[in-house]
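Okay, here we've got a single chain as structure tokens, the form predicted alone, with questions on binding and movement later.
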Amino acid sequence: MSDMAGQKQKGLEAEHLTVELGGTRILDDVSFDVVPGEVVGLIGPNGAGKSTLLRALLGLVPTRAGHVALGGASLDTMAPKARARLLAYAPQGAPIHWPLTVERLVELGRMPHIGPWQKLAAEDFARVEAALAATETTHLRRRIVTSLSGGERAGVMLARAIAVDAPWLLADEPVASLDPYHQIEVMEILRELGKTGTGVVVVLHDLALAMRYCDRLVLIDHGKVVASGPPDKVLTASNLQEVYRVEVIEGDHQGEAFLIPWQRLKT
């Protein structure tokens, strides 16, 4: 999906990231990597630092220590536009103040690929159409974004990120405001992106979806990595009790493992 295939193969790496905001340490010596075609879920309780980690990967918050590398090159050495062509971002609950149509908003995903005062070309419009189709938001194209429901807006923001056609896509709780049908749809979209070679990092609260659709999970608590690896190695009873303070029901359906958070642990 990118003309930087050589860099892409080296992956997205976070090394010893430490972030302090307002005098509070939010991330503390966090390291992990994502390889091309892999879907990695960032999980953890509220306030664990997941969204801050995603923003640190994008260079949107300053780091006190550590660095992020793309294809072996430090993120800090890249021009903002070059970085925007490599890292697509679907933020959670991003405010939209202008009365843009859905189509126009998704077209903004192509901005990193065009120069000042240039118009979108046929390839750009094709990418926009593909992103609308992938997220099943084509029927919304003429709607004003501010008139959409929270779930519809989440789908459109994901379409905008997909339209970038970047080798890496970072999504912050893309299923948070969706019903079960559309939650599964979004995770299927992210999985399909992985199959095309895109590296995906997604913040999730739904452990069942994380178990089913992610190749690897990074469990964060109080700004530190508690566990990292395949879902069945991370979502263990002991980890869930220690970090989430819940007990779960585990099972198997059609050859796939699943879990359901069942009850809080008594304190």
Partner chain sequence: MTGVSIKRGRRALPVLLGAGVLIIAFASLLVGSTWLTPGEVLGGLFASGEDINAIIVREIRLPRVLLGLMAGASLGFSGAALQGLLRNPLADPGVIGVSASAGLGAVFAIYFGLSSVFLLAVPLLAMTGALAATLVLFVLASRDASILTLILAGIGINGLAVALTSLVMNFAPTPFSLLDMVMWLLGSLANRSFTDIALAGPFMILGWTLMAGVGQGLSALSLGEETAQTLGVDLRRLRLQVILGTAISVGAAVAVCGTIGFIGLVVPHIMRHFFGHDPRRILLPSALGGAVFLSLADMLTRIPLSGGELRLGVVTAFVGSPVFLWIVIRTREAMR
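Numbering follows the first chain given and starts at 1. Just so we're clear, the structure is a prediction, and the values are computed from it rather than from any experiment.
Just so you know, the form predicted together with its partner chain exists too; it's not on screen, but the next bit is about it.
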query	finding
Leu58, Pro99 and Met157 all contacting its partner chain in the predicted bound form, non-hydrogen atom within 4.5 Å	yes
Contact test in the predicted bound form: Tyr89 vs its partner chain, heavy atoms, 4.5 Å	yes
Close approach of Val164 to its partner chain in the predicted bound form, 4.5 Å, heavy atom	yes
Partner proximity in the predicted bound form: Tyr181 to its partner chain, non-hydrogen atom cutoff 4.5 Å	no
Partner contact for Ala131 in the predicted bound form: its partner chain, 4.5 angstroms, heavy atom	no
Heavy atom within 4.5 Å of its partner chain in the predicted bound form - the one residue of Ala176, Leu148, Leu75, Ala84 that qualifies	Ala84
Partner-facing stretch of 67 to 75, 104 to 112, 191 to 199, 131 to 139, counted where any non-hydrogen atom is within 4.5 angstroms of its partner chain in the predicted bound form	104 to 112
